[in-house]
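Presented below, as structure tokens, is a lone chain in the form predicted alone.
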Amino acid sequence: MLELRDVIFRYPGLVMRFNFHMERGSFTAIIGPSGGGKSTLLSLIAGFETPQSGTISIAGRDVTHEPPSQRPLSMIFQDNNLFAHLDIFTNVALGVSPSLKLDEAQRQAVTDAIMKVGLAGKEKRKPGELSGGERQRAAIARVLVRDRPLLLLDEPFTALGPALRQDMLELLKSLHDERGLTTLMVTHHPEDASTAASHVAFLADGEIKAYRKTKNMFRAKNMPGLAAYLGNTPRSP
């Protein structure tokens, strides 16, 4: 479904190299220390950054030089990327048509998506009138109406408290399963991976150091970098 082959991207003082393959329908959490390249990896896949070399393919199609709008994916950011001056129905409808010229079937799809994420009755509210969790629900509803096979999430629930973050992860996982999505989520919370992800990628120093099934990753004993990140290294007496 998603493949990065010999992708190189350079920042001052850091060369990032990515070779990575995700199967269709998998849910991968990306963990690792800050500054290692997690958000940059998502930006490369989404098309906000262009690699110096290598190829990025989605569903067998080379999208390395395609603009973000042409790639078969959706992305949710930490700040949910809603337009503050538009109501929730309109924010979600933008996922169907940027011109907002919707036919009856499209309007019904927007209504159904809003209901699916638990925001029925709040269609006319502005983002500022909703809680943080509700705003992220609206962002997820917009993903549903876009109906793209690949979903990228960049620390989407970091600002939420533990209980609400758990609720959002369970909602995301249920929609991932129901829609048959392929999902790639950056998180600073390893417990998020345990809740929702089938696989975990450990990324540090601009490279994916390991990519394994979630339970196998957290049982690994042979990765000092991962142990240090998770706080599992023995302390000096």
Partner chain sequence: MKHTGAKITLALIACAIFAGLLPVAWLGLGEGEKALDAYTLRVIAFTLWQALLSTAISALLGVAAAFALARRQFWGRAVLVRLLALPMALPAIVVVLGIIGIFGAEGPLAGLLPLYGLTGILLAHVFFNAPLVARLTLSALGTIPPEQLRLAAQLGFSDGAHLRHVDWPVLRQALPGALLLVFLLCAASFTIVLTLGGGPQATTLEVAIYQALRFDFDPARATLLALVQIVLCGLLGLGVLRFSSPIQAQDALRLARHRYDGQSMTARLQDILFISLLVVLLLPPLAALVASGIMSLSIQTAFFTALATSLVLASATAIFACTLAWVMATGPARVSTLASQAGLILPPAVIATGWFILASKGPGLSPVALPLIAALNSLMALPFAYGALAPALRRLLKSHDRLCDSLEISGWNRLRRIDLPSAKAPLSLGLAMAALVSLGDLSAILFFGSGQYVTLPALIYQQMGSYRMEGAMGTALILALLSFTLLWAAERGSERHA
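Bear in mind the structure is a predicted one, so any value in this text is a computation, not a measurement. Residue numbers count along the first chain shown, from 1.
The form predicted in complex with the partner chain is left out here; the points below concern that form.
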Contact residue in the predicted bound form, chosen from Leu160, Leu94, Ala109, Leu102 - any heavy atom within 4.5 Å of the partner chain: Leu94
From the list Ala46, Ala204, Leu175, Ile58, which entry has a heavy atom within 4.5 Å of the partner chain in the predicted bound form? Ala46
Does any part of Asp79 reach within 4.5 Å of the partner chain in the predicted bound form? Heavy atoms only, please. yes
Might Leu86 be said to contact the partner chain in the predicted bound form, defining contact as any heavy atom within 4.5 Å? yes
I'd like to know if Arg146 sits close to the partner chain in the predicted bound form, meaning any non-hydrogen atom pair within 4.5 angstroms. yes
Within 4.5 Å, heavy atoms only: does Pro68 come near the partner chain in the predicted bound form? yes
